[in-house]
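Shown below, as structure tokens, is a lone chain in the form predicted alone; questions about how it binds or moves come after it.
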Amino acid sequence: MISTIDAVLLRILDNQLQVLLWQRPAESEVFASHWALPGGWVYEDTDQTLEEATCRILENKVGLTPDYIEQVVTVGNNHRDPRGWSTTVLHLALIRTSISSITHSDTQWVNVENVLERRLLLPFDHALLLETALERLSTKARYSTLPLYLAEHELKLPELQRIYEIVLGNPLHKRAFRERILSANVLTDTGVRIQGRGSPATIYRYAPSCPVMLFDRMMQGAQTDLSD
């Protein structure tokens, strides 16, 4: 039986959620030269964990190290791979834009809508895997600080709110968003203020190793939050 790891690596650029794809080699037994999610085998002799194997695969195949990674689901059946029975352990990985530039010619960032709307067809069940990872991200965004790992280490709250809105697909009420984020105690006020068109904006910082924190209430849309 074929057993692999697949990774959905996401970033946000120009207000678009993007996924990194890797071009399968021309000599591949199946789906040669097709664009796919980066994936590979677990090395039993050197990989200590599945997360470690996923990081190795991403570093070797696409030259990137994610800011965050988590296991999503294990999928297995006799039809996802033309070669026969196979399983894969799907991982969700997030990276901030400033370190997401690609140097490998066989990789590209694409807007997730291109895959979801089938303008770009992926091999195997990779479109379904992408949908599954996006659902995990969207669900956890409603009650946790997970989308923080799509942001730069120093940021303004409106920038982080926009990231949440892109992930969730709906606007959020400014006051309620601010209360939830600051109450999670993952941001540190740097003391820096940036003057914009209105009041000066505070620059916050988060530690790369900070844990994902849970909110005391679910993140809702702007209309719901207005009644809080």
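Residue indices: 1-based, along the sequence shown. Everything quoted here is computed from the prediction, not taken from an experiment.
What comes next is about the form predicted together with a further copy of the same chain, which does not appear here.
Peer 1: Among the candidate stretches 94-102, 109-117, 145-153, 67-75, which one is within 4.5 Å of a further copy of the same chain in the predicted bound form when only heavy atoms are counted?
Peer 2: It is the stretch 67-75.
Peer 1: Give a yes or no for residue 89: in the predicted bound form, does one of its heavy atoms lie within 4.5 Å of a heavy atom belonging to a further copy of the same chain?
Peer 2: Contact with a further copy of the same chain, yes.
Peer 1: May I ask you to state whether residue 44 is within 4.5 Å of a further copy of the same chain in the predicted bound form, using heavy atom distances?
Peer 2: Judged by the heavy-atom cut-off of 4.5 Å, residue 44 is in contact with a further copy of the same chain in the predicted bound form.
Peer 1: If we define contact as a non-hydrogen atom of the residue within 4.5 angstroms of the partner, is residue 205 a contact of a further copy of the same chain in the predicted bound form?
Peer 2: Taking the distances in the predicted bound form, the answer for residue 205 is no, it never comes within 4.5 Å of a further copy of the same chain.
Peer 1: Taking a further copy of the same chain as it sits in the predicted bound form, is residue 216 near enough to touch it, meaning that at least one heavy atom pair lies within 4.5 angstroms?
Peer 2: Yes, residue 216 lies within 4.5 Å of a further copy of the same chain in the predicted bound form.
Peer 1: So which of 36, 182, 32, 50 reaches within 4.5 angstroms of a further copy of the same chain in the predicted bound form, heavy atom to heavy atom?
Peer 2: Comparing distances to a further copy of the same chain in the predicted bound form, the residue within 4.5 Å is 50.
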